[in-house]
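Same protein, same chain, two forms; see structure 1 and structure 2 below, as structure tokens.
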Structure 1
Amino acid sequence: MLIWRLAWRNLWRHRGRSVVVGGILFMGALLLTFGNGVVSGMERGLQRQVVESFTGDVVVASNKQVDDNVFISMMGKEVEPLYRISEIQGAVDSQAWVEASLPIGKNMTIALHESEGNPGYLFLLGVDFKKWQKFFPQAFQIQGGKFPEPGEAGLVLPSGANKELFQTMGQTFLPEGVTDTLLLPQEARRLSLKTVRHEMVLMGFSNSMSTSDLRMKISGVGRFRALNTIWGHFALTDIESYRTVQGYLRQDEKAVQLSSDQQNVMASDNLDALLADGGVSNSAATTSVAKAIVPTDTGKGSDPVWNLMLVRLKGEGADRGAARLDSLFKTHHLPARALPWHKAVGVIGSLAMLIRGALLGFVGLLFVVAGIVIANTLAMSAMERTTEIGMMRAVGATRWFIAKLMMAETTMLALLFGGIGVLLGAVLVAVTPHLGIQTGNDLLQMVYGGEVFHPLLRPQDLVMCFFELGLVVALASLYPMQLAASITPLDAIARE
């Protein structure tokens, strides 16, 4: 009681200085809270825009896959095939902390120009459309046409892919019967609808000798709801067509297919032959038309080939989850390895981690600067009160009493000004999304946590803010406390 009374009156007596320290605490707490809000918002945004729209928490690849960056790799870098999927998926799904898993195919393909012209390049995802939509609900918005039905072959083109193909090939693609020119790239809208194509000839771009080209129907066009400029480069196709293009054939399938006239096509249309021909464009004449094959995910030997398996976790972080899956694969001798999502998306993930790191660094810097200023001011205040403190010590106050007094003063300031700062910061975080600060820039979208700037404070974040504030104050008052407690009665008397 005595200490709190003394502390309160001291603060009031030196109210000028109290306001200075309090002001720093207030601003520090405000920025700290807002900064934490931005980081949380960004994390949730990444969760929504990347993890829940495209990658899952963890990406499983073949153990032969060297490059971590399986999604946004440079052209020509092939993602290794992933074998023994049923064992891998079985092992992964049996973990209590795994929510769901989804195998996909992913590689670069070439879109062939069917008359004179340059080919285009396309990231292709081979998926089971029903399962993919269930795994990423709401991730993709169809604007024209539809997703292929089960057993149906077809290609779904996002706007980004369409735009890029137009730039490289000079051709545009829409599903049959779709006439909305707004779905075309902006630069292509003035062109006649007659030039719009409804089919695309894709050719695998892998080291495998059995890649083939395939005429695909455009089933739908649309956009990814999040980060469309990035994910929009990825076209979706049914997994059977994907495998045909990539030449991923099971042992039993291979026999059938090789006996057909496709053998012919494949022999002449593999990449070497094409390049030897001196051109890509004129090879389109002999393409086969895609016909979906009903998947037969049966026993080990006939396991279908994929590239990746996306895994969604519950109650486990991506990094730790990936590490746990890795040890799982090791103990079961499975030919797979696990990557946390941010490693699998290459520069996007690195950027996200970098921005997050920078934000946290900013908060940390704030922390340090505020701490130093507070420590300095408190130390000065202790020195100014040397005679008063020394006199109290002479009368019988212990060093601990003096330390507690200093602590009480800073605690009061921190609770009052810092508390208001945190609360105001929280209000600011709550209000900001309603201001509707928008961006079309994908990088900013990552910081904003979406198209609208949307910082976020969950109750645990708020607790964390108070904890961090307490930590700054505690650390900042250590030195002044020790300084004040080391003042002796003699220091007071010597000043007389």
Structure 2
Amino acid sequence: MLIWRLAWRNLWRHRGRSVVVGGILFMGALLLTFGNGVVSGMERGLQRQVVESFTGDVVVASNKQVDDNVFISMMGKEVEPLYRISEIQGAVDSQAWVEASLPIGKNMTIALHESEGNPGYLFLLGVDFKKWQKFFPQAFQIQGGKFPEPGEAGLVLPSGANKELFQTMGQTFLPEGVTDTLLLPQEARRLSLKTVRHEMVLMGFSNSMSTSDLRMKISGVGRFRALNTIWGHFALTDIESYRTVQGYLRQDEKAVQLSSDQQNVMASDNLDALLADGGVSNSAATTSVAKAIVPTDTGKGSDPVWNLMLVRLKGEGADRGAARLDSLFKTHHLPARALPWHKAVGVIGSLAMLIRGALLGFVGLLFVVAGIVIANTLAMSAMERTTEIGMMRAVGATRWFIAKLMMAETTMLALLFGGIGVLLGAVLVAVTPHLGIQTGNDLLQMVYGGEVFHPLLRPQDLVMCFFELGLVVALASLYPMQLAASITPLDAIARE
């Protein structure tokens, strides 16, 4: 207790110097707390904007899929089909740390211009709308029209896709019966509603050249509630229409094993000769050609084809969850591999991790700067108190006693001024979201944690703030403590 009484007396006696050191501790604690709030807000925002709205924690793809970037691949590179989906989903859902899973189709498609104009391009997601809405509740806001009902074919266009199609094709699209021109791209609002189309012809974009074209009605238009500029390039359609466009086996179709004659027909470069007298019958050839346009997965499972499966985890991180799923697939010999969400979205995930790293670096820089300033201030304070410390040494105070006294003084200042700084920083973090600082820029939305700047402090973040403050004070006090303990009675006499 003597140490603490002396420390308090010294702080009060040198209150001007104490206020200066305390002010530095206050500002350091305030900035550290707010910086941690921004980092936590960004992490929560990414969780909400990406994981809970578009990708899930882990994305399962075919083991033949070479690129990790399965969502925003350039040049329309095809995502490999994912076979044996029932076995894969069953194995995934059996894990206690998996909350839910959702198979989807994903590939690029071409929007054909029906007046010989330029075509448009879309990333197309094939989904079971009811299951997709359950997996991503409130992720998409319908502004006109509706989602297709179960068993109903239809296309849902986000605002970004509608704008892109207008820029490339010169055409705009709305559901039939919707006349609100505010749902059109801004540049198209001056056009007559008579020019607005209610249907679109889509053709799959595939390396296998087995795709087909399909006329689809526009069921709804709207926007993704988060990162709409990025996700807005993804149109949503029912899974059966998606399979038709991509040339995949549909739910109501069966894989057909071709006979040897039929295989000869498909392998031949001269169909006329084979169809002549003595060749393969017309009916056999016709059957072969009809079935050939439907790629089958014979020998790879009887399930209709999907491309990806989204997985939501509970109590498990994305990277570790992906590693555990990979191990599960190898154990069960399943043709799949798992990707954490930030790898599956390519440059978007890399950019998000880069921003997070930059914010953590900023907090770390604050940590270092605060430590240096505090160390210099305490060192100068110790030198100015050479006479006082020398007299204490002369009456019997040991070096260890002087060091403990300096640490007690710094601890008191840290608890008082640093504690106030942490509390005020927490109040600032809590108040900031209510100021309504908004942005429509997707990059800033990653930093903001959404459209509104939304820093966040969880209980563990407050504990971390006090830990960081204590670590800064402890490290910054080492040199001043050593300097004060090295002062001798002779130093005090010499200074006088």
Partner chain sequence: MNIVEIRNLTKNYPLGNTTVHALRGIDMDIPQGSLMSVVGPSGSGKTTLLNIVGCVDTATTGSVKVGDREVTTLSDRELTRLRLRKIGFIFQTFNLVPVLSALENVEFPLLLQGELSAAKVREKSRQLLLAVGLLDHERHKPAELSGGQRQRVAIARALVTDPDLVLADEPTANLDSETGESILRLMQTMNAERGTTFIFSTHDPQVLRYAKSVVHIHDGRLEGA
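Please note that residue numbering is based on structure 1, beginning with 1 at the start of its sequence. Between two forms, the rigid core is the largest collection of C-alphas that superpose within 1.5 Å. Computed from a predicted model, the values in this text were never measured in an experiment.
Go through 1 and 2 and tell me the one that is the form predicted on its own.
That would be structure 2.
Core-aligned, does residue 388 move its Cα 2 Å or more between structures 1 and 2?
It does, since the residue 388 C-alpha is displaced 2 Å or more between structures 1 and 2 after the core fit.
After a core superposition, would you say residue 376 shifts its C-alpha by at least 2 Å between structures 1 and 2?
Passes the 2 Å threshold, so yes.
When the rigid core is used for the superposition, does residue 159 move between structures 1 and 2 (threshold: C-alpha shift of 2 Å or more)?
Stays below the 2 Å threshold, so no.
Core-aligned, what's the Cα displacement of residue 413 between structures 1 and 2 in Å?
C-alpha shift for residue 413: 2.8 Å.
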